[in-house]
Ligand code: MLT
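Shown next as C-alpha cells: one chain only, the form predicted alone.
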C-alpha cells in the first residue's frame, strides 16, 4: 500500500463515520468465516458504507492505497466467495446498511432497492401491493439482494421464473476505481451495444460492487398446492415433470426430487417430522403449483386431474396433496432440512452441479455407480431441482472417517472425479452457489480455456490492480495485477 494501514484506516474512518467502520476483532469475527465453516480469514477492518456515495469514496481510497476489498452480503454463500484470505491485508466490506427500498411501481411490476435489502424483507414489502418477487431460498432471512445478484442465485422457483439473472431489469454498481455504473432504469429495447449489467450478475464481486437494482415482480398468488409423490425411478420423475408441464403449464412453479435415504436422514434429524406417504419409495418428488386469483378456484381440480392421469400412465406410485398451508410448509421443511440432516450424518463432499435437464436422471445413476465402485464404502446421493437440471450431489465418507483427513485426501479426489464426470456430460461444476475460492482451482482445471481467458481479460480491464475480491472466481495471471 502507498500509505501505512493505520493512516488508511484513519482516512476511512473519517469517510464512513462512527457506525461505518469496525476494527474490534471480536465484533468482526462472525464475518470472517464462511457459512459452512470451511474458510476463515483476517481483515484490516469491516467497512459498512451507508450510501452509494460513501461506497464510491471508500473504493477511491482503496484504489489510491492499493487495499484489496472483499464484498459481503448476508455471508450465506457456500463457496467461500465472501471470506478474506489469511493475509489480513484486505478490507471486508458489507452493504448491509444500504437497505432502502427506493420505489415500488405496482403498475410496472418493478421494485428498485439497495443491495443490503434482505430477501425476506423484499418479499414482505412487495406483498403489500399484491405482488411478489419470484425467487426464494432457504436463507431468505439473511441473503441480501446484492449477494443474490453477485452469485446469480437460483432457488426453488427457477423452473418457472429463472435464476436471479432473469429478475434483474436494471443495476447500479461501483467499480474498483470508485466510478459508478448506473443503469437502474429498465428499457424493453436498448441496442447501445453490450448489456453491461450482465457482467456484474454472477461475477461474485470481482468486477464491481452492486449497490442497487431494479427487479421484476409478478402477481401475488391466491392459492398454492404442494404435492408429495412417491416414484420407482429418477427417470420416472423426469416423465412426471414433463407430464405436469403439459397438464399444468405456468401453474407449475417447483419440482424437487430426493431419494429415500435423504428422507430417512431428515426424519431422523427432525424429531417431530412425519413421512408424507405411508410406505417408502425409491424416489420422491415435491411439486409446487400456484394460481393467481382468476385461476384459484379450479387449482385443486386441475392438480388432482393431472395426478390421476399421471398415475394411470405409471408416472407415480403414490401421492398426497397438501390440505392446508401448514401441511404445504411441512412438506417444504422436509426438503429444506436435507442439507443439515446430511451434514449431521458425517463428512461428505457436496457438489452443486448441473447437466442438461434431460440427461440428469441417467447422469445420477452413472455417477453413483462409478463413485461407489471406485471408492468402496462411500455413499452417493443426489437431490434438488430436477426441473432445471441442478442436482446437489453429495458423497458421504465411509463410517468412522475423520472429517479433516478424509476431506483433504479421499474427499478431494472424489470431487475431482465428480467434476470430471460432469464436464464429460456437458455440464457445470457450479449451478447456483458460485465458484468463490472453493472451486476456483477446479474451474481452472476443467473450465473452457477460451472462456477463462476472456474472463481474465475482462477482470484485468475493469480491475487492473486486482483489488476486488482477489483470489475468487478467476485469478489473474502473474503480472496482471498488483494485489
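Rigid core here is just the name for the largest C-alpha set that superposes within 1.5 Å across the two forms. Please read all numbers here as calculations on a predicted model, not as lab measurements. Residue numbers count along the first chain shown, from 1.
Although it is not shown, the form predicted together with the named molecule is what the next lines describe.
Residues with any non-hydrogen atom within 4.5 angstroms of the named molecule in the predicted complex fall in just one of 381 to 389, 97 to 105, 169 to 177, 310 to 318: 381 to 389. At the 4.5 Å threshold, heavy atoms of residue 78 reach the named molecule in the predicted complex.
For the chain shown alone, residue 432 is a contact residue for the named molecule in the predicted complex, at least one non-hydrogen atom being within 4.5 angstroms. Although the partner is absent here, residue 339 is a contact residue: one of its heavy atoms lies within 4.5 angstroms of the named molecule in the predicted complex. In the predicted complex, residue 36 approaches the named molecule with a heavy atom inside 4.5 Å.
Comparing the forms between this form and the one not shown on their rigid core, the Cα displacement of residue 341 reaches 2 Å or more.
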